[in-house]
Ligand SMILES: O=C(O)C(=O)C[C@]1(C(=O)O)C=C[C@@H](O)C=C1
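For reference, the chain that follows is the form predicted alone, supplied as structure tokens.
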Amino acid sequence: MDKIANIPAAPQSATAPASADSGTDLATLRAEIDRIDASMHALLMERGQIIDRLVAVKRSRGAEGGSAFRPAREASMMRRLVDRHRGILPLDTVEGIWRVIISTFTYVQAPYAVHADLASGEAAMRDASRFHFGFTVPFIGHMGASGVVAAVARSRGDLGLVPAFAAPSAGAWWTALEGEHAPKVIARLPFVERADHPAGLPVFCIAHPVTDGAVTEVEAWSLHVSGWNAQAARALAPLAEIIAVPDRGLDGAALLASIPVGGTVSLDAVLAALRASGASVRAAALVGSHASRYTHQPQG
């Protein structure tokens, strides 16, 4: 007698009709998604009502006007968001959604525009602006950081974005922030840094001085130095983030030094390191402050 081979059953086609039970499950899950979407929309509208009341309170107290940007609160919100995030939804998406919500509601409170230096590359700077401020906030490009600073200075509450590195031919744009009523550095973006950030270009955000809600974890100092040399640059490297450009002579330099507050390093330590390297500081001015860099390592 011939043996009958054991032939495995053919796998069910991926396009086979779903059972009644699975169809019911899909309908239930989709209904749950619709319920969550409706709740999210309702909460956004409720947030808008609260913002409307907030604007009314500010108007009644004569506090209306200027920028509604609050860098300390925003940095704190974004850190909490990253720390509690779990699940399959990419962090980029979550951060982007919250950034649009925050920036758009800020715009509703007090309309503003974002001025950006495009001299070092338009695409990356435009990505940084759109990721952090969305599409509702007007975007205005400038070919140079000095144009950004001047535009912010003329405005009532606009923001400016300039590269947080020594861009070619940018010059010492931060010296225009030295006056008492001049714009100041109020943030360093992105708020949360990671290697795969979709808008990871490091930029300083400048605005008119923030009277409340400022964050002072890192101070930005404008330093005018004589006798600038390679030894001085090496001495400052472990102490602070430095941007240096030539200034007033062959051995002169203008520095933008980002110095952490409350740690082992201080402005005095930076000045002492410069003197020990044979350099001297002609002038020093505080030109703003921002949150410390908050890095995120992907889970797993």
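Here the structure is a predicted model, which means the values were calculated and not measured. Numbers follow the displayed sequence, beginning with 1.
Separately, the form predicted in complex with the ligand exists; it is not shown, and the next lines address it.
None of 104 to 112, 178 to 186, 155 to 163, 137 to 145 except one has non-hydrogen atoms within 4.5 angstroms of the ligand in the predicted bound form; the exception is 104 to 112. Annotated contacts: Ile51, Phe69 and Arg73 all touch the ligand in the predicted bound form [non-hydrogen atom within 4.5 angstroms]. When you look in the predicted bound form, the only residue of Ala172, Met77, Leu118, Ala214 with a non-hydrogen atom within 4.5 Å of the ligand is Met77. Though the ligand is absent from this view, in the predicted bound form it lies within 4.5 Å of a heavy atom of just one residue from Arg234, Lys58, Arg35, Arg275, which is Lys58. None of the heavy atoms of His41 is located within 4.5 Å of the ligand in the predicted bound form. Contact check for Arg30: no non-hydrogen atom falls within 4.5 Å of the ligand in the predicted bound form.
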